[in-house]
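A single chain comes next, written as structure tokens; it is the form predicted alone.
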């Protein structure tokens, strides 16, 4: 992440951060797959597990602050994302939606945590896997309820549409359900985390470059770059929370659609 600053001190001028700053070397030499994003995913699983085990270990009628925090997150996913959207069958999907929301949120927030400062979801493989899981879940639910033939038929031939329209509509609907949904679900999350982290790098590394520059005017502009980077950090926190919410919300909507009599 400091390659841009090092290049600047060598006299090459400021080199803006790019995709190379997301291509991190392995932590253990020779173990190519074990990079910082993989480590952060492992850390997130441990942190999430410890947090919710501790928050539920000594549950009481009058909750402690720790218990209240855990119950608030669970209640939000249960009521606002599962119950309100899926309906009376919501409870069996709460564990998945809850895990999905907390996992994405934690890995997103890593992007603004000091010393970690890397959003795991800015590596597109992780959003792809999560989208594939959601893709499997909502299609499995639809097939289990309606059967394979009826499920595919309802997708391909929307009821109440004139038959000639099916020539255009059927390919669009099939592409939407089996290609567009998982792609947009994953790429939306990836693009937001990637772009947000890149912007933070631009202003923080740019500020450091100007601070080390020999020109006085550059040094005077450096604090503004840092301040803008700090302001963007708060904005990025909002985006990180929003993207975790949107991913989970869309998954719940897709499940609700698969369960509906006409989807």
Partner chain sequence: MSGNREENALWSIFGYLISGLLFWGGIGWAGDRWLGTTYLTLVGLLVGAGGAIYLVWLRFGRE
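Residue numbers count along the first chain shown, from 1. Because the structure is a prediction, the values reported are computed rather than measured.
One more form of this protein exists, namely the form predicted together with its partner chain; it is left out here, but the text below deals with it.
Contact with its partner chain in the predicted complex, judged as any non-hydrogen atom within 4.5 angstroms, is confined among 127-135, 103-111, 90-98, 151-159 to 151-159. With a 4.5 Å cutoff on heavy atoms, residue 144 does not count as touching its partner chain in the predicted complex; it lies far away. Residue contact check for residue 171: one or more of its heavy atoms lie within 4.5 Å of its partner chain in the predicted complex. Contact annotation: residue 246 falls within 4.5 Å of its partner chain in the predicted complex, judged by heavy atom distances.
Proximity of residue 85 to its partner chain in the predicted complex falls within the 4.5 Å heavy atom cutoff. Checking 190, 74, 118, 177 for any heavy atom within 4.5 Å of its partner chain in the predicted complex turns up a single hit: 177.
Along 237-259, these residues reach a heavy atom to within 4.5 Å of its partner chain in the predicted complex: 245, 246, 249, 250, 253, 256, 257.
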